[in-house]
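The chain below stands alone and is given in structure tokens; this is the form predicted on its own.
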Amino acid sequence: MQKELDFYLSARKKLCALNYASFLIEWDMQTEAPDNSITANSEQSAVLSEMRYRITTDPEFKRCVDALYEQRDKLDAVLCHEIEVVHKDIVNTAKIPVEEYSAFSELTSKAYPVYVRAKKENNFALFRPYLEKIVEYCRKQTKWLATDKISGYDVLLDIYEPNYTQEKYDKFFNVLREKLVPFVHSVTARPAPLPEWAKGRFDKEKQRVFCEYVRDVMCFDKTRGVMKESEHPFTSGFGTDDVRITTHYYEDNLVSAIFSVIHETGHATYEQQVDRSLNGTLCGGGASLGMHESQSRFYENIVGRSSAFWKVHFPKLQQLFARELKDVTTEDFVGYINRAEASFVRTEADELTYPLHIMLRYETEQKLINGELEVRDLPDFWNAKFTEYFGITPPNDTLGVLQDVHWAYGNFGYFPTYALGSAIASQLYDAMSKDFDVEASLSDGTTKQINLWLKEHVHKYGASKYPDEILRLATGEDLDPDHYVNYLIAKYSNKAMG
């Protein structure tokens, strides 16, 4: 067994190096790379992808993993879990033809800049041929990876949230439809008017200063992380010591960058607080997309939209924008950031209507992957469903089907984890509230006590356990969407939005 273990650990070191190189190229492409460097970056990404494929499909590597898998009960708990996951990945990767695997990596690298241009120019036709090829690949992927237990769209869902199938998601969304959607419609039928001060212009550099301040409030370790700008805010990193986030500033929207920074720093806090012993393993980072999203949504909504948070930090914002916010009170601002109304853009959606945006994408992906919908018909389908769910119709594709970057990367099956993450966040909040007064803890000016609780109950495990196991350890129960529904109804029934 020691021989197999030594071989595996040596191969793992190479995989980690390749993953790190891929991470750096991806980060560069979205933040620093000049437009004409895209082709070169795409080609190198394809080479790295093929190298990774060769390692994980090498017969000797497979033999060693198979041997360790058969004797995994003799390994320590972390390595046992890692071997289970790697064994599953090897089985799946080997089913994908290498030329398809490499070509898809190059395709998505080229698709990203085209997507950005299409979004800016409101030109779906520009992006359509790339998306058609991406969807074609994903459909083939569901056939390559199908087993006697999983097939179709379930194959893609399982990539992002282990063991979560359409059957489970359907039940989850049905609870939201039954208990939450009627309440959402009743609230958005009488939205509060947009205050005049919010329609002003807000200097980008002053926004940047406040966003840096927010990262300090959230105890983000800047010696192990950095923040840049990109078209679509995101978080990426490698281990606990290199965690990077981005945001996007809009001078006609004061709160967009603020909440994207709180959201992405929530992701980053998770990464920075994973136990250091997991660095260099394949068990670092978040347990799943859903669990990761639960952390970003926890900080963004439960913390970042609370009165307790802004009682402490609104004076700083008002100091920076003394003229623009001269007559705005903390209560005015908290009411504004908790307004609920039907709107077009998911990332700008309020906390209450957000689940409807995810349900739309979930249904759209189901139909695309299962062959009930073709890419050419996507804008019309999107607009019709959006009108049905929200009562308003997107005026263009930039505010409609082109608003998210995920499909440009081939990330079908990702979106449902956003709603799942929000539900987990509410359940964690209820558990945390049993241990201390969460709102009162914010009076010291930081999220330190919250960070420590999440580190102990969620973050330290990284990906060394399955997400449902971590949730049970943290809350004492399996996922229960009623925590989410009850939280939202209680909050939006209270005009104080405390």
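Because the structure is a prediction, the values reported are computed rather than measured. Heads up: residue numbers just count along the shown sequence, starting at 1.
The following text describes the form predicted together with a further copy of the same chain, which does not appear among the structures shown.
(Q) So a further copy of the same chain isn't shown here. In the predicted bound form, which residue out of 376, 117, 224, 385 has a non-hydrogen atom within 4.5 Å of it? (A) Only one listed residue qualifies here, and that residue is 224.
Q) Of these, 60, 32, 435, 444, which has a heavy atom no more than 4.5 Å from a further copy of the same chain in the predicted bound form? A) Selected option: 32.
(Q) Considering non-hydrogen atoms and a 4.5 Å limit, does a further copy of the same chain approach residue 40 in the predicted bound form? (A) Contact check for residue 40: yes, within 4.5 Å of a further copy of the same chain in the predicted bound form.
Q) residue 228: heavy atom within 4.5 Å of a further copy of the same chain in the predicted bound form? A) Heavy-atom contact with a further copy of the same chain at 4.5 Å: present for residue 228.
(Q) Even though the partner isn't displayed, in the predicted bound form is residue 331 close enough to a further copy of the same chain, meaning a heavy atom within 4.5 Å? (A) Residue 331 lies outside the contact set for a further copy of the same chain.
Q.
Just checking whether residue 47 would be counted as a contact of a further copy of the same chain in the predicted bound form - the rule being heavy atoms within 4.5 angstroms.
A. Yes, residue 47 is a contact residue.
Q: Considering a further copy of the same chain in the predicted bound form, find the one stretch among 360-368, 107-115, 342-350, 215-223 with heavy atoms no farther than 4.5 Å from it.
A: That would be 215-223.
Q.
I have 20, 36 and 238 flagged as a candidate spot, so tell me whether each of them has a non-hydrogen atom within 4.5 Å of a further copy of the same chain in the predicted bound form.
A. Yes, the whole candidate spot contacts a further copy of the same chain.
Q.
Just to make sure I understand: among 12-27, which residues lie within 4.5 Å of a further copy of the same chain in the predicted bound form, judging by heavy atoms?
A. Heavy-atom contacts to a further copy of the same chain in the predicted bound form: 13, 14, 16, 17, 18, 20, 21, 24, 25, 27.
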